[in-house]
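Take a look at the structure tokens below, where one protein chain is shown in two forms, each on its own, as structure 1 and structure 2.
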Structure 1
Amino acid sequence: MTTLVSLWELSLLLCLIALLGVAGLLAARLVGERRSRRREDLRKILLPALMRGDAPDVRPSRLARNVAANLTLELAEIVRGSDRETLLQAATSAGAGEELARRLRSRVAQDRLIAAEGLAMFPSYCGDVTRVALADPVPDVRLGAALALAQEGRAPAVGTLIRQLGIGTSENSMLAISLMRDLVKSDPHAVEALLYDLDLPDAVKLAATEALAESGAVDHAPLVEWMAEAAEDDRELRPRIIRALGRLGHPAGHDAILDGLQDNAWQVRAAAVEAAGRAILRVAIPRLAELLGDHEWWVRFRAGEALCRLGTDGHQALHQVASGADPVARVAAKATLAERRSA
């Protein structure tokens, strides 16, 4: 009898728990639907207000700030110039900056990254991004925040930023080159100063060199030539340096490019061939014609491209090789000429 009563009591308890669970789910659904309707209503009010730059006519609340922050992230991608400034002023009034600053401390790294990228657009919150996001334990968040600040021209001192991110040591992402390009736009001389800092790794100096070479902001060819000589034993670094020399086109880098055309590593030869074409190095035409018979396809392809860049003399060399005795070089030259005729 006692066991039967216990079973009844347990059954009743389970039924009660199930009823409470169902009631909880229904309540949660009602709250969720109400919150979704409220969120949609706020979007309808905030969207035109942000686009016009008006102060939003909504009651300050966490939900309103949340909606304003999401709308700001969406709209900032499609507006530029004065319209963007107007948008950010209205977004600040709606509490978007405050909400993004809160998300900088989210437990989810992706949320922190998006918040840092968005918050970098707000001049008054750049200090928060610098202080919080650049000290984030996740490297991707730190680098993303640095890129966002650099694109806005609000990055901290270049040397400090490079060391804080560990570029060239713990941080070896190719995005570091993009960061350097943005830093060159706002402070080319600070980036140039990195080249003369003996404590920085070669990877940082190479990224700085490439960024400066693309911008044409400073003349640093003698140093680049020295780097090319110093990096002769580094097969991964040397091709990038030689390509940078080609973009510079400075006469001081021509000898390093010509040396690269004789290198045993095909990666270096390919980079030197590309650099010779970019630098319009006509003295390299005989060697480029020889490299049309290189055993590496990529070197032959780049040699054909380089000769095309070198004008009449380069085309003449291509025609000579196309009728020559080397079958490999002959095929490469004919393929290059056929491609140019069809282009």
Structure 2
Amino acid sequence: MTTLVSLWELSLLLCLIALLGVAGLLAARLVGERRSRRREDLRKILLPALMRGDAPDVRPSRLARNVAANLTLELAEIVRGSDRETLLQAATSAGAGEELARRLRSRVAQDRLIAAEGLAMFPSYCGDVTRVALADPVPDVRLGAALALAQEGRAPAVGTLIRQLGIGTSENSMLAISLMRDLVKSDPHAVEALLYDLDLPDAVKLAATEALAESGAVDHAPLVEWMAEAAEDDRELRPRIIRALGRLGHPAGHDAILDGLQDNAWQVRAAAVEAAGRAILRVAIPRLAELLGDHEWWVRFRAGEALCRLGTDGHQALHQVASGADPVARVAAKATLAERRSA
């Protein structure tokens, strides 16, 4: 009989939990709706004041600071330059900075991330962001804070930041490239120094390479030399380095691209073909024409694209292959030419 009673008790318990859960949800909703009306009233007062850069005429309260912080985050996304400075001054006097600094220690990671991104705009709170958010247990918060600080040009030393975030080891996000781009703007030579740090993983160096390649802030010759050397190693990063060499188009990288065209891995060949087209490597035309018959579609497709980029000589090569003996290459060349004609 004990089991039977237990079954009934279990049913009752499940009912009770469900009932309490729903009652809690509804109660929270009702309270939340009342709060949101007060919040809406405060927004109507604070919004014009913040936009004008005036000190807001509201009684200081937790809710007022909260609304000011949220408004600041929203508005800061759409204003720039002196307007933003005016906004941040008004936001500071409305207690937005104070509120965001409080949220930096919230239990919810989402709140901490948003707070860190917002606070990075306030020069007086950047120390807090560096100290608290960059040591956050959640990697997304750390990376978000680093990105925000770097965007504002207030990030700590590059090497320290890389190690603190664990880029290339525990942190593999492609956002590391965005971070590196922002870091290059404020300290290109520190980013360049990463390339020669033997302790750093390849992913960091690659992110640094791509960021440096896109910026005009460094002398490209030594960078390309380093990239060409790195591209000789049989590493997974090779296609990305070759692609970056293509974007740079520096003559010192041409040999590495030409070598890539002969590689056994199709990913490297495809990257090299793309790079040859971007770098307008006319010397590669015969090999590109051969690669129209590659067994991998991506290589054939990129070879067609590259030949089209290479002007008259490239087009001539495509026409020759289109009437050639290799059926695979012929189809690729014909299809590429037909696509160009119809585009």
Partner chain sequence: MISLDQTFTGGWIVASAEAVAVVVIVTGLLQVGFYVFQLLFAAIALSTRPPVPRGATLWRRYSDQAPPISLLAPAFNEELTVVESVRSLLALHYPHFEVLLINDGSKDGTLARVIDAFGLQRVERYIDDRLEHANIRGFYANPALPRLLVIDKQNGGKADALNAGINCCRTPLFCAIDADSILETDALLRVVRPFIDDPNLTIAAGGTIRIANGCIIDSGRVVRIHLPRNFLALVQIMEYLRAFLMARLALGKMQVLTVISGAFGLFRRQEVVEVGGYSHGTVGEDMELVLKLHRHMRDLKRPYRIDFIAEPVCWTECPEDAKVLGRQRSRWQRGALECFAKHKSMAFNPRYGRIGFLGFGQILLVDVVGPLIEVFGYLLVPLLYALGLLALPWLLAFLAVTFTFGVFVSVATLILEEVQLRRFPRARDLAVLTFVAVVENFGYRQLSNFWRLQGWWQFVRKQQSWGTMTRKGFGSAASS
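Please read all numbers here as calculations on a predicted model, not as lab measurements. Just so we're on the same page, residue numbers count up from 1 along structure 1's sequence. Throughout, rigid core stands for the largest set of C-alpha atoms superposing within 1.5 Å between the two forms.
> Could you point me to the form predicted together with the partner chain, 1 or 2?
Pick structure 2; the other is not the form predicted together with the partner chain.
> Would you kindly give the rotation angle of the smaller rigid part between structure 1 and structure 2, in degrees?
Here the smaller part turns by 30 degrees.
> May I ask for the C-alpha shift of Val31 between structure 1 and structure 2, in Å, based on superposition of the rigid core?
On core superposition, this C-alpha lies 6.5 Å from its counterpart.
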